[in-house]
Structures are given as C-alpha cells and as structure tokens.
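Next comes just one chain, in structure tokens: the form predicted alone.
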Amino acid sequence: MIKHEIEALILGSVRAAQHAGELPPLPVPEAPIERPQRPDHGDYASSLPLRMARAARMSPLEIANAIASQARSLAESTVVAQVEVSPPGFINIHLSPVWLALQVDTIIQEGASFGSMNLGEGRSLQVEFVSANPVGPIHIGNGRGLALGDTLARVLSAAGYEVQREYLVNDAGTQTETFAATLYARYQQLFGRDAPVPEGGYPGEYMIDLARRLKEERGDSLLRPEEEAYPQEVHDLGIQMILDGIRADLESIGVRYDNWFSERSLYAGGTYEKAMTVLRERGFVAQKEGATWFVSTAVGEEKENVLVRSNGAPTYFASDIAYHYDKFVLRGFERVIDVSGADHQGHVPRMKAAASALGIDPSRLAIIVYQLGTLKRGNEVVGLGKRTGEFITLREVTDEVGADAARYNFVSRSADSHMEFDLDLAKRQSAENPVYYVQYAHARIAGILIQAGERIIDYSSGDVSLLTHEAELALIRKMLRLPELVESMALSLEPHALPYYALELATAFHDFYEKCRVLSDDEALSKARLKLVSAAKITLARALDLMGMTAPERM
C-alpha cells in the first residue's frame, strides 16, 4: 500500500537525517501520514516535525526541511514527484503522475480482490449483531444494527480476518415466556375462549396471524384446560415461526448469518455452569440478600451486579457472561465484536469487567453501541407501523425503498450518531439521492464498456501512460483510497466512511466523464480511457459490495 511506503520513506529520512547529524538521535516510533484536504498540498502529508519539535528542541520547520532533504534523495523518482515543506512544519508528498497512471493496470489485475489485504492474517473473529429477541418481526431500529454489523463483517473479511457472523437467539427468559403467553391467549380466542392478553404482552396484528397459523397447522391439539398455562409446544412453535420470518426479512436486505446460537444451549450444554465455576474459583462471586452477585469492583467496575436472582433465575447478565465464555474459551475466537442497540450502553463496562474476571483480555471484546434513528417523509416524521401497532418493521421499509437504499442510509452515519432516514429521498431517481447517484455511476460505466464491446474495441493493450488529464488522475487518486479505507475501517471498526467514499468516487467518475471523451477518433487514447473506466467499475463495484449493495449494469 502506497501510504505505508510513504510512511517508511519519512521514517527512513528521519534516520538518515539523524545519521548525518541534522537531527538529534531521538526514538521515532511512527510517522503520521494523512491526506491533505487541499490538492495543492500533495497526495500525502506528515505532521511528524510538529510532534518532534519539543523533544528535539528545534523548530518544526527546521525538522521538516531536514527530513524533506533526505526524502528527496531517498524517494524513487518513478513514484514520488515532489517533496516539499509548508509552515508550520508539514512535509507534503506529491506522487508521480506516471506512477498514478500505472495503477490502473494494477487495479484491473487485482479485479474483485482490489482493496483486500492481509491485515488480519487469517485470525478468527466473530461479529454478533442485532440478535433481536424472537418475539416479533425485525424492526427499523434493528435494521441499522444489521447494516452496521454486516458491513463491518464484510470489511473485516476484506482486511484478511476469518469472520463469523452470529445471531444469538434469546430463546430463554421472561420475554419469550410473555410472548408465548400472548400467543396462547390469541390462539384460545380463535376457539371462542375469553382469554385476555397478559399484562406486558405483545400487541399487534402479527400475533393474531401467528395464532391463525397455529390453528391451521395444529387444529385444537394445543388447547389445554382453561386454568392451565400454555404448553411448551406453543412457546417453541411460536419462536420458530418468528425466526422463520426474521430469516426471510434478513434475506430481503442481503444479510446471511453463519451461525444461529441458541441461548438455551448455554444451560442444556453445561456452559453456564462452567462459566459460573470459573468466576467462583477466581473469587468474583458472592452471596448476599438471598441472591448471587458478581463482585466486579476488583476489575474496575464501580457497581456490583446480580448474577442469579433470589428466586434462582439467572439474569441476562449471567447468561451473557456464559455466552462470552463460550465464544472466547470454548470456541476460541481471538476477538469478538458485539453490535448492540442504545439500550445496551450500560452493559459495556460490566461485560468488559466480566471478560477480565474470566481471565480474558478485555481488549479482545469490542462492543459497538448504535443509536436509533428517525424515519421521515420530507419534513414529516413517520409514525407507527401498520402491522405491529407499535413499531415499523424492517420489511415495511425495504418493501418501500429497496434493500440497497435501506443499507446505504443505515450505515451512512457513525454508530454513535442519531440517524435521519428520508424515505422520499431514498426513492428519488436524481442526483439528490446519493444511492441513485452512486449506482447510476456504475450503470453508466457498464454502458460505456458495452458500447466499446459493440464497436469491437480490444482495450487490453491500452497504454495507461496516456492518462495525463487532471480529471483522469483525480479519479485514479480516488480509486487508490479504497485499500486505505478498508484498513482504517478494520482498525477503527467504523464502516460509516464507506458510503461517503462511494459518493466521492462516483463524483470523481462523473467529473471525468464530463471532461474526457472516452470513445473518440483517437484510438490509443480511447483504449487507455477504457482501461481507466474498467478500473473505476471494479473499484465502485467493490465499494458497493462492501456495503452489501448491488452494482447495477443498467438503470
């Protein structure tokens, strides 16, 4: 990656300047490399002289001049065209236009793997996201977590990690019991019984639909005497029907999990007891007030938390500890990333403390908490969903605007930012709609290449050194940012930069297309530009694929 080569050049230049006595022999662990906002400041810039000034007891400008002087002699002229210094002490690197043009061939050679790297070196990593309780359809708030989690998994795979996507099925606990009780009440009502929905039960037409399915498939075989509670079959069948619906909804937005993990298996398989035993043996469990507590003050958590209630029922926290024990210890993931909704914010520090108590380095656990958002039609906020009576389902949104528009909008803001999703804008077929604008760029590229094929133009021998127009070079520069972006997103676990990159890349292509005629009477130039167009198609398709979106050939 050229960014790393520039970093090595700067560090090598520092050592050379120190060897020449121009800089004091100070340790320099890294050289920050950034992309300047102004094109006239070069392709890359380093603020290292500003960081070295105090320790070196020299002005940043003096340090920058010493480093730049060495860089000019060390840099390959075929790659770096110019090294300059700008106040108060920046080193600016300008890449060679000839080298930039040659990268078009590199992108074409790499094809669909362009942007991939071996940062992860095949290390095992799990991304667990959404894992909504199986008590109702996936709602719009879950949709944001789905897009963030799946996009992050795609980025991490591209960065060289062995990634597993997991959905935790919360099929144990009070919520599923309340769900089953609600379903059984609706089922009984279909047979004329006066069965009230339990307090805290689940409203919405979907529960009545599920009850009808039970009646159609099982008749009255699930009915019990009126004073009895629901049979276990109602619980299990109801959850299975919800999960079938969730899988279908996920399929509609292009999300496929590698593993569906049952919470109940933690208890049936003995994992829960193993995890609790580890905590007891390590001195993190105490009995008081009739309950079992996690003694977390020893690992930095201010507040102690209940593991087992006085009635003997494990808490959600205890279940989650066992679940993470299973992930790290039994299944051996080197790193685990949980993507959770805003209601899990307080869960983060106690899970970090729990990991430490289990003997797991808490840095191996990353918990991304995403904020919910607002659905709008123009300036009007969208209210309740039609089928649930209380929330808007993911399927309602994807049916209206499409999976691509939904995914793009869900992932276009950082996880900790509130999201506003304008349904009207998402459907608009104009440059105002970023989804349309980006996908139209890909369709336009596909059209150019189809036209070239109809003219029987073989551009495989095109000479990319003919690509010298500023719009051509600007497009190449933008394409070369993709590998850097994949690396930075994999390290920061923040995929929201991807939609903005796709938009910038589409803009660079449209600008090139307006300024540079691709198919002209100049056969040599046409072939070179067709190569550039082909490379742009590869890069844009890769960016769209990383977001889980389609790259249309025509629109």
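Residue positions are given as counts along the sequence shown, with the first one as 1. Computed from a prediction, not measured in an experiment: that's the story for all the values here. Throughout, rigid core stands for the largest set of C-alpha atoms superposing within 1.5 Å between the two forms.
Just so it is clear, the following notes concern the form predicted in complex with the RNA, a form of the same protein that is not shown.
- This chain is drawn without the RNA; in the model of the complex, the residue among Ser465, Thr297, Gln451, Gln287 with a heavy atom within 4.5 Å of it is Gln451.
- Proximity to the RNA in the model of the complex, taken as a non-hydrogen atom within 4.5 angstroms, holds for one residue of Gln103, Gln371, Ser157, Ser124, which is Gln371.
- By the 4.5 Å heavy atom rule, the three marked residues Asn92, His418 and Glu553 all count as contacting the RNA in the model of the complex.
- Put simply, Val306 is close to the RNA in the model of the complex: some heavy atom of it is within 4.5 Å.
- Proximity of Thr398 to the RNA in the model of the complex falls outside the 4.5 Å heavy atom cutoff.
- Contact check for His344: a heavy atom falls within 4.5 Å of the RNA in the model of the complex.
- In the model of the complex, the RNA lies within 4.5 Å of some heavy atom of Glu432.
- The stretch among 229-237, 358-366, 439-447, 470-478 whose residues place heavy atoms within 4.5 Å of the RNA in the model of the complex is 439-447.
- Taking the RNA as positioned in the model of the complex, the residues of 42-70 that bring a heavy atom within 4.5 Å of it are, in sequence order, Ala45, Ser47, Leu50, Arg51, Arg54.
- In a rigid-core overlay of the protein, Glu162 has its C-alpha displaced by under 2 Å between this form and the one not shown.
- Taking the rigid core as fixed, one finds a CA shift for Val518 smaller than 2 Å between this form and the one not shown.
- After superposing the rigid core, the Cα of Asp422 is displaced by 2 Å or more between this form and the one not shown.
- In contrast to the form presented, in the model of the complex the C-alpha positions of His496 and Ala31 draw closer by 3 Å or more.
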